[in-house]
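One chain follows as structure tokens, the form predicted alone.
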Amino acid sequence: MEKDNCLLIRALIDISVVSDFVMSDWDLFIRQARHANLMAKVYCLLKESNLLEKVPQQALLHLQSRYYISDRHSQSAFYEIDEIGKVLSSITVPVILLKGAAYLAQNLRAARGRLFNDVDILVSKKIISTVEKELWKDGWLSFHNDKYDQRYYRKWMHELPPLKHENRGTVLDVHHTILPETAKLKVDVEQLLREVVPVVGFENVYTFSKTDLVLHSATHLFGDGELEHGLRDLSDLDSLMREFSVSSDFWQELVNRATSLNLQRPLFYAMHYCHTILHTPIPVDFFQTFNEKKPNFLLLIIMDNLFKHAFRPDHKSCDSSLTSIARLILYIRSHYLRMPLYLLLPHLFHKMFFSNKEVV
């Protein structure tokens, strides 16, 4: 596999490379962007750089179409955020938006061209039963009816079983922390809750602070096993870091906050792979601050070979003989990080032989 085949990564690093594309490049580029779920974002990058005139008409129609879909998704997400805020307005503890919903609510660059499959929120575990009851009254119902799945989520995971609105069909994930209860890595969620930022124009709705938005994104990405759209999530981190780093104190605040929350390892991975894959401008000095919390030399070589393959666009033109193997290993790793073996092995056995659903 030649590096030049990954046109999408080249464009995410420097969108001006499209000026040199011929028609065959555009055809491949569009396919890669579609499979990576980044077509709408590419359209935004082209528009911001005044490069739309360089795009052939056929390619432009594909990009515009996906951008219009993302715009409708954003409008729908705004509506859901407003509705959720109203439904939970009687609860005094903040309702915190996560991931894409947070980027959208704070008008961050990472939200531009984003597609929404669901809305994620976080509330204190102390009131999660009250939150679930209020949402149920408004028509948010669990669609995981299997008793094992219900027990799995409620006893071991960091969220309720996903909820779907009975009328609108939209999906809501309600979290009470950012990592499963059984995860090896532990985070003091109360520290996160003390630094939340209100969302202007919405009732009782908040997001994490700038540093915590990055740390949550990093923790989610580098503990997740579903990496077919990993490049999109890495691109989110790249956008967040570029936007927030206009503040001269940002990098030091980010490293300090990661140390306080015990999230140095996922932050190291986020900074390392954003820098090496997407050329995110990160001061080299800050890589030296992780000390014993960063992977050792041998482990980093192994992780480089895994993540650099797994983060390629999920298209055959970017695949190598190692891509599927790398994603499988990282998928297994993610489950090992989420649950100890004495829980994980029975869980996988149950999902394989007693359930038709995919392993969660």
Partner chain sequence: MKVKEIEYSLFKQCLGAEGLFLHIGPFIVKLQSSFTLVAENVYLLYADFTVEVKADFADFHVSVQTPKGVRRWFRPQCLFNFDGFKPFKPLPANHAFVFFEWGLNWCIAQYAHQYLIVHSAVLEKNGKAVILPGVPGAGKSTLCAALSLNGWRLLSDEFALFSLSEKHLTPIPRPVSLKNESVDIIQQLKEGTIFGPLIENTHKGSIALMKPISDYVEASSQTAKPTWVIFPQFKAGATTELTPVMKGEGFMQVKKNCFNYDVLGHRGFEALGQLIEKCDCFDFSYSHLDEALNTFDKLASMSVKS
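Residue numbers count along the first chain shown, from 1. Keep in mind it's a predicted model, so treat the numbers as computed, not measured.
Another form exists, predicted in complex with its partner chain; not displayed. Remarks below refer to it.
Of the residues given (324, 49, 334, 65), 65 alone sits with a heavy atom within 4.5 Å of its partner chain in the model of the complex. For the marked spot (34, 69 and 316), a heavy atom within 4.5 Å of its partner chain in the model of the complex is present in each of the three residues. Shown alone, this chain has one stretch from 326 to 334, 289 to 297, 52 to 60, 305 to 313 that lies within 4.5 Å of its partner chain in the model of the complex by heavy atoms: 52 to 60. In the model of the complex, none of the heavy atoms of residue 19 sits within 4.5 Å of a heavy atom of its partner chain. Using a 4.5 Å cutoff between non-hydrogen atoms, residue 341 does not count as a contact of its partner chain in the model of the complex.
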